[in-house]
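A lone chain, given as structure tokens: the form predicted alone.
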Amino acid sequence: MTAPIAIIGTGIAGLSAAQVLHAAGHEVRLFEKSRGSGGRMASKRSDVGALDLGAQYFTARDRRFVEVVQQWQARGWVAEWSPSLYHFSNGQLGASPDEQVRWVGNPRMSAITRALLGALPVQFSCRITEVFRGERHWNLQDAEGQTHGPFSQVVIATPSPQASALLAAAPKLAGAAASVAMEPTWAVALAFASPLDTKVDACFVQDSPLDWLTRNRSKPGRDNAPDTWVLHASSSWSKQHLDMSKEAVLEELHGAFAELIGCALPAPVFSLAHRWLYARPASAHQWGALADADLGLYACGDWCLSGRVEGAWLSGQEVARKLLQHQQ
């Protein structure tokens, strides 16, 4: 009997690959260092409801992804989001509507990966630190020293710096992953007892420590009270303040928010800061996915393509295609 396929990471890329491989009749086992699926599409539960601290929305341009998003919509996993969109630059806040179709998970971003995961076997809170080869199969070692396996193939669906370390058995793949720089983002959530007196639902920001903010209640399926906002710092600000305390980050970004929102800003009733160390790749690539098919080692992720949610999904599809093609 063929050994199962290990997939490390349960973000969009890993689950995209898992779906294809499972549908093709392969046994897959997933490993995730966090307590839940989603990666940067995860939502954090809090005293003020679920918060989308990572990916805020996504778009669909590739025909294949457009079709799958329409299927997700039909199943109620996603909904179209049409925020009152603004832009802030040179100290000025102005309406900035566009025709872009934006999608969000319903009722939270993590709804998508939870649905994709379904009943597939997954081990949460399990950080894989090493992928090593036995006589005929692959094995995984986790941070607790436990060994998992044997596996016929391994798909690594983590941010590029983590993938590079796990690809040590395939130096060319490890080198490619190591060449991809990932940029950090500080994210802050603020909740207010009464709704802020502003028409802004979302705003692209320039000339500020922030580069994005959004009103949670403007997204379909979200709770209306209290009035919760998510702020993202720019990559450059986040890099400069990578090791700043969460308290100081909250103070700085709350101040930046107050400067640009254009209405009175009371003290928040809830606040939270989260650092995404590997928020997005610094540049796009056209690899699709990395593969050493003879070795049985693969890697996928948004960093293999566009850095977008769509890129992550397409990369997962491509890694599964490469793996299945090699078995024919």
Ligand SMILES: Cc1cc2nc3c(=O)[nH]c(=O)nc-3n(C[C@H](O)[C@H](O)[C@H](O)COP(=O)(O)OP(=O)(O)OC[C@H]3O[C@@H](n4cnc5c(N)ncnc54)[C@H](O)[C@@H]3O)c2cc1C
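The numbering used is simple: start at 1 and walk along the sequence shown. Quantities reported herein were computed from a predicted structural model and do not represent experimental measurements.
Below, we turn to the form predicted in complex with this ligand, even though it does not appear here.
Asker: Here the chain is shown alone; which of A174, A115, L196, C126 has a heavy atom within 4.5 Å of this ligand in the predicted complex?
Answerer: Contact residue from the list: C126.
Asker: Which residue, A291, V69, V48, A279, has a heavy atom that falls within 4.5 Å of this ligand in the predicted complex?
Answerer: Here the answer is residue option A279.
Asker: Taking G105, N216 and S218 together, does each of them reach this ligand in the predicted complex with some heavy atom inside 4.5 Å?
Answerer: No, the candidate spot makes no contact with this ligand.
Asker: In the predicted complex, is there a heavy atom of this ligand that lies within 4.5 Å of any heavy atom of Y57, even though the partner is absent here?
Answerer: Residue-level check for Y57: yes, a contact with this ligand.
Asker: Taking this ligand as it sits in the predicted complex, is K33 in contact with it (heavy atom to heavy atom, 4.5 Å or less)?
Answerer: The answer is yes: K33 has a heavy atom within 4.5 Å of this ligand.
Asker: Is there a non-hydrogen atom of L53 within 4.5 angstroms of a non-hydrogen atom of this ligand in the predicted complex?
Answerer: Heavy-atom contact with this ligand at 4.5 Å: present for L53.
Asker: Please determine whether Q153 contacts this ligand in the predicted complex, using a 4.5 Å cut-off between heavy atoms.
Answerer: Contact check for Q153: no, nothing within 4.5 Å of this ligand in the predicted complex.
Asker: Okay, which stretch from 85 to 93, 126 to 134, 240 to 248, 69 to 77 lines this ligand in the predicted complex, with non-hydrogen atoms inside 4.5 Å?
Answerer: Looking at the other structure, the answer is 126 to 134.
Asker: Pick out the residues of 4 to 20 whose heavy atoms come within 4.5 Å of this ligand in the predicted complex.
Answerer: Result: I8, G9, T10, G11, I12, A13, G14.
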